[in-house]
Every structure is written in structure tokens, then in C-alpha cells.
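What follows is one chain in C-alpha cells, specifically the form predicted alone.
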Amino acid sequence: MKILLTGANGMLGSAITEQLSKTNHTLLATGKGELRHNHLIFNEKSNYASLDITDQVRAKHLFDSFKPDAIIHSAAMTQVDDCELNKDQCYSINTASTMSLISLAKEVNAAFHFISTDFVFSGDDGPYVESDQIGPVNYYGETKELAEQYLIQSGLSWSIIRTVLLYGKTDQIKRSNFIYWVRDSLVESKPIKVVNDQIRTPTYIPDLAKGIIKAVEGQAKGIYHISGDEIMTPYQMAIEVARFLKLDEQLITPVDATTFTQPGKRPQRTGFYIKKAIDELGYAPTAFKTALAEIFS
């Protein structure tokens, strides 16, 4: 299968690239600017091309020349506060560019696999199943919801893979994530305040990458929720990190969301029930403590 990936420079995109490069699929991994992950190994079946997804001319050239069978669209503007403060840019990247890529997929008759978010939900009554009513409370969620609806109505073969609060192993090239922020703060003996009134099912990045590849290979159609299966607050996650690394958990103070002044509202209770992904995709989430052992090994 010929697979075109967007967002290869992100934490998720690099994990997908790394896993796909070990298969027999032909991969064109794309990202904004130069490849930022020097550890990724490319070969005769895996290549990288620079692509700013807002550049429709460049995108069309890559689609026409590569002619993918499937697209994994993981590129997005995901920082909630940045999206709230820069709505035009957020819409351009998350919605308009996705619509353009869907149009290009139609021209080459490619399946389209779109990576979305728990933030399409209100957070009033999570965890959620795939069929639950959506209703985002911030602009980031709104742009992803709009892109979802456009894809659903596109007539393409499609899947929407929603996920929750990503964490995983990082290095100096990749962006950091919550797990490393906690570790680094505690190592430096910095007191931190962590919200304890937001419910999530945190997602281990290698698990998500595997689930996405299973969806592509199985030509999955419809909406899938892929995350961990443990319901946790960020505070609970931080405590687990401290205990695993034998750092001072007394430096961590639980607070509620009103402690922070943030431009973008966060949904209070999200997280997913993932039975559909387990049953239909063979998805298997890694336990949080097991993932910590892999991350800090």
C-alpha cells in the first residue's frame, strides 16, 4: 500500500513513520520544513518530503506524483491557547487545509484517515463512545469538528481516529510532553501545580501509532476512539511519574482548573471507552506504569 503521512515531524507522526518504515508499505512521510527526527531510517520504500499543508500547490504536486492509496492526516495546530488567540491560523491549518487534502484524496481515490481529538466533546459527561454527541468548548475543538464533518460528507472511504492527551518517549529533537515536564520540574526541585479536576484516558504514543496503522491496513471505516483505558487526572499522572522515578511527590500540588488563566477553555471530563477499537482493530493499550518503564528505561 502507498501511504502518504502528514505531520511526520510531530511526536505522533514520527512514531507512525518509525513503525511504517519497518513494514512492506511504501511511505511518503511529509512535514513542515526539514526532517527533524534524525533517528528515523528511510529506505527504498520510505521517503520524506517537505510539505506545509496550507500550500495547496505543493500538496497537489505530491499527491499527483506519489498517487497514494491512503492518507494519514496527523498534521494539526494542537496548542489550545494558541488556537484561541490565533483563530485564522488555526482554521487555516486544522480545517481549510484538511478540506483541501480531502479534495486531493478524491482526485486519486485514496482512503483518508483523520486524526482528531477528545476536545470535540463538551466534557460534561465523559468518558465517551464514538456515537456520543459532540460539542466543543474551545476553538481548537471547533476546527477539528468542522474537519470531521467535511470528511464524513466527502464520499471518500474514511476513518476518524480520535485520541486523548498524548505522552511518550522523547529526545532533544522532539517536542517535550507532560511526562517530561513533571520529571524535569521535580528533578530541579521546582514545586508544580497540576489540575486534579480534569478527567482523561491518557494515550501512549506508540500504542496510538499502532492503532492508526491497524486502521489503515484493515481499511477501517467510521469513527474510532483510541486512547489508554485508565481514567486519570493530570495530577494522578504526575504522582505516578514521581513515584516511579522516586522523586519528591510533595512538590506536586493538586489544583482545579480555575487556578490557571487560560485563553482556551478545557473540557472537564473527557476520556474514551475504547471497546470498538479493541474489538474491530485489535487495539491493545499499554498500562500507564508499563509505559513509564519503557519511557524512562
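Since the structure is predicted, the reported quantities are computational estimates derived from the model, not experimental observations. One rule holds for the numbers: they count along the sequence shown, beginning at 1.
Just so you know, the form predicted together with a small molecule exists too; it's not on screen, but the next bit is about it.
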| query | finding |
| --- | --- |
| Contacting member of 182, 76, 209, 83, with respect to the small molecule in the predicted bound form [4.5 Å, heavy atom] | 76 |
| Contact assignment for the small molecule in the predicted bound form, among 199, 166, 194, 111, heavy atom within 4.5 Å | 166 |
| Contact of residue 20 with the small molecule in the predicted bound form (heavy atom, 4.5 Å) | no |
| Partner proximity in the predicted bound form: residue 239 to the small molecule, non-hydrogen atom cutoff 4.5 Å | no |
| In the predicted bound form, residue 268 touching the small molecule (heavy atom, 4.5 Å) | no |
| Partner proximity in the predicted bound form: residue 12 to the small molecule, non-hydrogen atom cutoff 4.5 Å | yes |
| Candidate spot 26, 67 and 159, all three touching the small molecule in the predicted bound form (heavy atom, 4.5 Å) | no |
| Candidate stretches 227 to 235, 28 to 36, 258 to 266, 57 to 65, one within 4.5 Å of the small molecule in the predicted bound form by heavy atom | 28 to 36 |
